[in-house]
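One chain follows as structure tokens, the form predicted on its own.
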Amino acid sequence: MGLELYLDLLSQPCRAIYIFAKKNRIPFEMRTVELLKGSRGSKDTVGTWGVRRRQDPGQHLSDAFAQVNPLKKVPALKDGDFTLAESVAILLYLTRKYKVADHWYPQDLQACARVDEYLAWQHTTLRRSCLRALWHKVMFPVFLGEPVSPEMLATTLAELDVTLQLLEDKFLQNKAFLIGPHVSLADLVAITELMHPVGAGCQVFEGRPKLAAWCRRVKAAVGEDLFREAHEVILKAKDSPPADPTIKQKLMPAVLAMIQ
């Protein structure tokens, strides 16, 4: 059995891995794992470089999926008998195994350290802010039917704004990309995070011309069609049908823990 990637493109790190693998023409079998059980239908599709196979919704919580990833989270990778969790670890594994272009994860010591710096920073900052924006603005009120107070939403969006400013001031500065003149894993991870609040209807790039120009450069670097394909699901998040009550009951504890 070849490389298998267990993904749900609703997830921002899953989107980063999907784009990276397709852009670098890495052959893989995509195992779609529905995170929002029962909320979206799934169907078999075949891509040019990734074959998708349908999994029953909610597979990330199943005992069967736990054999691939005991953490019961996506993304996950299976390469023969080898399994791997955590998106950054998976991206680095693919980078090293398939010997992709150097700009993704440079061999230069200091440039590589800058990629590592961003990847270490984003977990508890940009990811948290973008995730909270999506859930507080759309997923709680629309999908779960749980109201979010105007005060909480305002606080969440203010936190996102502060984090976006840090992204610009600390990492982007006046460069073409976060690390320098070429796109890297840092840019790919960052842009897929930002598409979470974009999917919620937040005007992330409004009033931020440097960030908007960077976004256009990243899209061009990975390919507009591939970028659109990877983000089709998240851009429809605000149109999600209400969750079944039993699904809501199962999801709430995990969601609350995730966005703290």
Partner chain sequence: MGSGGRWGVAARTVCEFPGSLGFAESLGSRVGSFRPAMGLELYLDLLSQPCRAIYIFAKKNRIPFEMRTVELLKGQHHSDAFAQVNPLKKVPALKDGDFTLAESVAILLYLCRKYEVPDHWYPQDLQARARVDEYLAWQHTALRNSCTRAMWQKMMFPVFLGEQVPPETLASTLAELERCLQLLEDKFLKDQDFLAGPHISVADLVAITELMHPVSAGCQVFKSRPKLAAWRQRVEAAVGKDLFQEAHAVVMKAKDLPPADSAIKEKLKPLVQVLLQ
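Predicted model, so just to flag it, every value in this text is computed and none were measured. Positions refer to the first chain, counted from 1.
There is another form of the same protein, the form predicted together with its partner chain; it is not shown, and what comes next is about it.
In the predicted complex, its partner chain stays beyond 4.5 Å of every heavy atom belonging to E146.
None of the heavy atoms of V162 is located within 4.5 Å of its partner chain in the predicted complex. Although the partner is absent here, L92 sits close enough that one of its heavy atoms falls within 4.5 Å of its partner chain in the predicted complex. Proximity of A120 to its partner chain in the predicted complex falls within the 4.5 Å heavy atom cutoff. This chain lacks the partner; the member of V142, V100, C112, L157 within 4.5 angstroms of its partner chain in the predicted complex by a non-hydrogen atom is C112. Contacts to its partner chain in the predicted complex (heavy atom within 4.5 Å) from stretch 80-102: F82, T83, L84, A85, E86, V88, A89, L92, Y93, R96, K97.
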